[in-house]
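We begin with a single chain expressed as structure tokens, specifically the form predicted alone.
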Amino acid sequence: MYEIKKLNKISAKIEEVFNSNYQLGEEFTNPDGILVRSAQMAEYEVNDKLVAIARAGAGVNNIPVERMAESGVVVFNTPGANANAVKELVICGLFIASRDIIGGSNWINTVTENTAKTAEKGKSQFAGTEIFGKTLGVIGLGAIGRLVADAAVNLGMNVIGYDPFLPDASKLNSKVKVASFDEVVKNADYITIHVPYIESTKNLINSNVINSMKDGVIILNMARGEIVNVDDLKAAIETGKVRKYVVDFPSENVINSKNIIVLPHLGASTEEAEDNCAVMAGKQLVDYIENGNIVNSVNYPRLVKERVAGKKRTCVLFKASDLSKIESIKNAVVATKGNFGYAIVDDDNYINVDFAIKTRNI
């Protein structure tokens, strides 16, 4: 019986993924796997049985990924499972930043007499602009960025996008122009950010980048708050360089600030996205526990191999520096990612590997 610990409330759909060989609960102290959403795991103590953590979402900033890798724990995420939900919030962000819909709604709800007449007289203060015909710059053309680009094209916008790791531009809408980072920044009326928060993207949007943007640009950030330097952004808002900033990551330095629209991290907060993330996370846990397959891991390489009838499977997590040792093993299928590697060996008997971080016989 495998024990799967839930560190957060997870969609009930997750129950459909696990069969009678699994138990799900919050009380387990020595689980085989963990399901998590936003719970902070920085101080989490790894037990001997733990083999994998599945994050029901794309970001893994709440998980000590490197420490887990060193302990032989594979960390999964669910890229794309909430992509449509985030896309829809971005489109909403375009509208609420272009037209003062929130301000207008708040104002009219304070009017208690002659409401219709007062609305007609006062609505001009909430006038805005249309997005049709404007240029949207998409920084990051992954699962979310591609959907945003496609939706914007269908809304009549000109779309230019940047992604240094774009594997296949043919998957993009043919009307989306792929350009350099500098070209996107300089030519866009609206800029939406869809890159992961890593060391190289911290403060990616700073004063130097903002200065090269169009006057009156609108910036949308549904990726991670730390990607934008808030002090630089506020200075640009004061000068009018930036017209509005929409951010889905509330913090003390953005709330109640001039021309900053703060959302309470609503990107993946739809029933559909929560169901999709839960099911995807659960399926990845099951496939790894039962078959050793790794698909969307952030700390170990992708490696998927069909089971061979009559063979016993040994799964080996190792340091990439030991690659030559694992490659010398007969029938080993091997992959590496950064400092870590993974191998699947199907043979008549289980194998022993004395240099492994962790070995599993399944």
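Quick note: we count residues from 1 along the sequence shown, nothing fancier. Fair warning: this is a prediction, and the values are worked out from it, not measured in the lab.
Omitted here: the form predicted in complex with a small molecule. The next part is about that form.
Comment: the small molecule is not present in this chain, but in the predicted bound form one of L50, I63, C315, A58 has a heavy atom within 4.5 Å of it, namely A58. For the residues K186, K134, K241, R224, the 4.5 Å heavy atom test against the small molecule in the predicted bound form is passed only by R224. Using a 4.5 angstroms threshold between heavy atoms, A268 counts as touching the small molecule in the predicted bound form. Residue contact check for N82: one or more of its heavy atoms lie within 4.5 Å of the small molecule in the predicted bound form. Only one segment in the set 260 to 268, 149 to 157, 205 to 213, 186 to 194 has any non-hydrogen atom within 4.5 angstroms of the small molecule in the predicted bound form, and it is 260 to 268.
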